[in-house]
Structures are given as C-alpha cells and as structure tokens.
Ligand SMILES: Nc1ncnc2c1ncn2[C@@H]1O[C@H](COP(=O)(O)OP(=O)(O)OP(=O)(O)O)[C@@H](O)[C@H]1O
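Next up: a single chain in structure tokens, the form predicted alone.
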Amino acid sequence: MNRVSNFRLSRNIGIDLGTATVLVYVQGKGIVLEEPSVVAIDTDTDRILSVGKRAQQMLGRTPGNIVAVRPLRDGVISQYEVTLKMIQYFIEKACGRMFFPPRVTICIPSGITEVEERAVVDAAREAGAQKTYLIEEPMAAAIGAGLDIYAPNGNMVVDIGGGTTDIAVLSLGGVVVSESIKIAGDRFDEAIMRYVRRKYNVLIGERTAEGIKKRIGAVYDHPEEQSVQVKGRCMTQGLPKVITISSKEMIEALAEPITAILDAICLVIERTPPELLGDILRNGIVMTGGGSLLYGFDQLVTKVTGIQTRVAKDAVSCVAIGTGKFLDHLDMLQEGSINLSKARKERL
C-alpha cells in the first residue's frame, strides 16, 4: 500500500518542446521545469549520460568519445531516438512516477509538415504519453500572453524561439494567416559568432555568443551604450584573446537575421484580410519568446510596420503557459486530434 501511495495516478502535462529550451507545465501546478534541450551521449556505447543543464555544461568541453547534442533543429526533430529519451527524461523529472500514463500537449511550429507532426506524436507516445495533442506555437503564445483568441476580431502574434520565428494572425480560435521561418535565437548566436570572427579575427563558441546576446543584444539604439568583455581565440596567433564588444555593434551583427524576421512580419500583414488588419491596428502586435527580449525589438517592429508593438509579460514562458491552459479542455477535443486549431475549425 505504501509503495502504491508513492505513485501519482496521472497528470496532464504541457510541453514547450523548444529548439533551445524545454519547459514543462503540469496541470494544477504550472511550469515546473525549464531546462536546455541538450543531451550528452557516449559515442562508444551510444549511452545517454546526461540531459538538460548538466549536458549543456558539456557543450564544447567534452572528450572525443562524448558529444553534447541538441536533438531539435529549426523547431523540428533531427535526432529521433535522442529526442525520445529527452522527452522521457523531462516527463519523469516533472511528474515523477505515475500509475497511469499522462496525456501530453506539445506545441509545434505553424509551418511543420505532417511527417514532422507524426514524428513528434510518435516520440511522445514512445516516451510514455497516453495520448498526444499538438498545438501551434503562435496559438499557444497568444493564450499564454492573455489574448482572447476566440473573440471575433484579429490578434497578431510574433513568437521568436530558438529555432523558428512563428508569426500569425488569429481570430475566432483559429489561425487565419501565418508564416514560420527557421530564423530565430540560434541564428542570432551564429550571426554574433560571424561578426566577431570577421571584425576582430577572434573565434568564439556558441555559449559565448549566447551570453553576449543575453547581456547586450540589441536591435535599436540604446540610450546608454553597454559593453561586455569577450574571451576567444585569435585566429592569427592561435592564442587566447580578450576583446570588448558594445551594444551598438550588436545592431550591426544582428542586422541580417532581424531583417529576415521583419520581412516575414510584413508579409503576414500584407496577406491579412482588411477587416482583421483594422483590428490589429487597434490591438497592436504582441511579441513572445526569448528572441523578443533583444533590446528595442518591439520599437523596431513599430517603426517598420506602423503598428504599435509590445513584448508580452513573461515572454519566454508564454508558449508553455498557453500549452498548459489547453490541458483543461482535452476532454472536449476529438480523440486522436493532433492539431488543436484545426480540430476547433472542424467543430465549428
């Protein structure tokens, strides 16, 4: 009897399966886990050594037989077996041992293919999910940001994650117009690495670039210029070198990926029906995801589009919160549904 009491019967859980970070929302508890989407593997035995934060610490620092990998690239599964083990690890860590398998809701990029959808569903099922439901990231982001997506007016959401930027116009509980591009936080890091190599002739790693982005990343003039010291390897001498980079330089470094995102936002606006465009002019654009936290991004979008733009409160967690809120409505969904917005349109 005591052994049985150590098990929870079951819990519905929502997973923001991000390219850079995984967040897990447990029904009735909220977000209980936030860890990097990184897995460390022993290549000699194919054994998984660690997952999440411990694995991230190994990036770029492992011996020859150990590799730290990110099994999700550009918002989709690139290494199926590794992703399966990672999902399994996060489910068990967030919920403990359960008597019945949990029902799981997972968010996906809006531009995902049916094959990629099925890969996510199969991975979750093999990881221990009783049933799996998929929700498009901009839909989850809008719910998490507190927008009324079921109202008969338009809302526009720009979710900038690690692997993809998802832009969508929502109305009456569905996606009216959307665009998903594989340019987001990871591309920001790559752009910073290229800039430092080109301008200073210094090589830096992904984690260093990510640290620069988080500390002084900017896409708009900062009233008080900030700077950070960066350690890397001089490409000429092959020796360690310390340089100083400013927030103003970040505007130049990030110009290419930011321009691509702005172009995608403008494309969605151009394809939006006039009636909904009037709603968006009134309601504004809401930005979510870690990429939206770059200094001045909302100001830049406002300047380019002429539409007032704001960053949602707790932008990083919006998708996970929205995914979690859908857990209260799983009983009303058609069994086997793998796309919540499509399922709602069918019921309407």
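One-based numbering along the sequence shown. The structure presented is a predicted model; accordingly, all values stated were derived computationally and were not measured.
One more form of this protein, predicted in complex with the named molecule, exists but is not displayed; see below.
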**Prompt:** Can T105 be called a contact residue for the named molecule in the model of the complex at 4.5 Å between heavy atoms?
**Reply:** no
**Message:** With a cut-off of 4.5 Å between heavy atoms, is A124 one of the residues that contacts the named molecule in the model of the complex?
**Reply:** no
**Prompt:** Using heavy atoms and a 4.5 Å limit, would one call G290 a contact residue for the named molecule in the model of the complex?
**Reply:** yes
**Message:** Is G162 part of the interface with the named molecule in the model of the complex - any heavy atom within 4.5 Å?
**Reply:** yes
**Request:** Work out which of V32, L300, V316, M58 lies within 4.5 Å of the named molecule in the model of the complex, going by heavy atoms.
**Result:** V316
**Item:** Per-stretch contact check against the named molecule in the model of the complex, the hit in 262 to 270, 233 to 241, 143 to 151, 183 to 191 (non-hydrogen atom, 4.5 angstroms)
**Value:** 183 to 191
**Residues of 197 to 219 having any heavy atom within 4.5 Å of the named molecule in the model of the complex, listed in sequence order** = E210, K213, K214
